[in-house]
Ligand SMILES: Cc1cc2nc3c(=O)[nH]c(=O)nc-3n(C[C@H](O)[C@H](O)[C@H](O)COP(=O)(O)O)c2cc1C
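The chain below stands alone and is given as structure tokens, in the form predicted on its own.
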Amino acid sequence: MAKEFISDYPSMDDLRNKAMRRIPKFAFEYLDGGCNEDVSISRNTSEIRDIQLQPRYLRNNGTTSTKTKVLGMEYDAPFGIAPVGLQGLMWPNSPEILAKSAFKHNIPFILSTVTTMSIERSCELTEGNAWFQLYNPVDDAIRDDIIERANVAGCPVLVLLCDVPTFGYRPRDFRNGLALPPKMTVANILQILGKPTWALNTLKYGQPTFETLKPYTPEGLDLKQLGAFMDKTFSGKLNEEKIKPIRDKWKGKLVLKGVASEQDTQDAIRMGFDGIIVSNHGGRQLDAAQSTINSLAEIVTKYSNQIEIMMDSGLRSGPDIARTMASGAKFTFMGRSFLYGCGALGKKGGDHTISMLKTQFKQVMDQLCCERVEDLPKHLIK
């Protein structure tokens, strides 16, 4: 067991429950919730857990390795930290905590355009190993400048987001004032007063802001004006015309995140993407969406030899990672899970959550008598 593992919190439910006690309700619900009636968020996890794996006990088994290669890079485990917006709202300084832990444990960290740490800081903390996820700006000059900053900072992978053509309908966020434009209500202020550790850490690290976007944001905007600026500046709709200049400018690996269909996979291959992340935005955009694991199964069958296929949305444990890898994913990502860790354990949350998931995942491989991650599909019960 890794020394960073804290035995009082051996499961994701333990972390989630403690995080819920330490984070103000409005911020926790922003992290924890899906859209509409939360059907998609529940389906994602439940259908991953329908998958069964078969052990092979009587082999001559050697040493188990969890090392994995994706996009030409080797990592110590087949999972990474997905991009999450407004991380610092959910737990103060959480993007720095997670970037440091990801680098220490040799797993990828993806920075969101709309989180609370800059491109430059993320690459400083990871020695140029952070991936960057781009929300496509309406203004070509802003787009080109952000891409150049990511290039100069050393990001090896640029991730384009395609599954936010509109804002998700999230009832909790409307009630809590976290839709655009955002607002701070009396109820929210009272919730903050009831979570002193969160409040003191927010005072220490400052009010969360969109750090990467500071050079493009007019000074002195109130929350309503900031919401209007963000709505005007970014368009979630992607098409070939918008992707081509990005592909031409970006010389590193290019990944399309949010793929949920064979048609979009075909287009991604034709447009020259190096990889895709099968995703439904963690169940936060379309409550009628197919689960990511079922989308993955359809896509892998036809396209696994043509493009590197990864997956996020719904994974909560080492067994979930193993099930997804056995289903044909080349790599996996999780978002909420790591914020639960930070909310529960503060600066120790990143190291603990990664160590816990590594331990859980390796135990599954050992139990299956599977020595290599790439051999997991041989254990899938179809």
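Everything quoted here is computed from the prediction, not taken from an experiment. Counting begins at 1, following the sequence as shown.
A second form of this protein, the form predicted together with this ligand, is not displayed here; the remarks below concern that form.
Enquirer: So, Tyr30, Val114 and Ser279: all three within 4.5 Å of this ligand in the model of the complex by heavy atoms, or not?
Expert: The answer is yes; Tyr30, Val114 and Ser279 each reach this ligand.
Enquirer: Can any non-hydrogen atom of Pro83 be found within 4.5 angstroms of this ligand in the model of the complex?
Expert: Close contact exists here: in the model of the complex, Pro83 approaches this ligand to within 4.5 Å, heavy atoms only.
Enquirer: Heavy atoms within 4.5 Å of this ligand in the model of the complex: does Lys257 have any?
Expert: Yes, Lys257 sits close enough to this ligand in the model of the complex that at least one of its heavy atoms falls within 4.5 Å.
Enquirer: Answer with yes or no whether Trp250 is in contact with this ligand in the model of the complex, where contact means some heavy atom within 4.5 Å.
Expert: Because no heavy atom of Trp250 falls inside 4.5 Å of this ligand in the model of the complex, the answer is no.
Enquirer: Hey, in the model of the complex, does Gln133 get a heavy atom within 4.5 angstroms of this ligand?
Expert: Because a heavy atom of Gln133 falls inside 4.5 Å of this ligand in the model of the complex, the answer is yes.
Enquirer: Counting any non-hydrogen atom inside 4.5 Å, which residue from Met356, Ala344, Ile321, Met334 sits next to this ligand in the model of the complex?
Expert: The option sitting close enough to the partner is Met334.
Enquirer: Looking at Ala150, Met90, Ala102, Leu296 here, can you tell me which has any non-hydrogen atom within 4.5 angstroms of this ligand in the model of the complex?
Expert: It is Met90.
Enquirer: Please pick out the stretch from 106-114, 261-269, 228-236, 123-131 that is in contact with this ligand in the model of the complex, where contact means heavy atoms within 4.5 Å.
Expert: Of the options, only 106-114 has residues within 4.5 Å of the partner.
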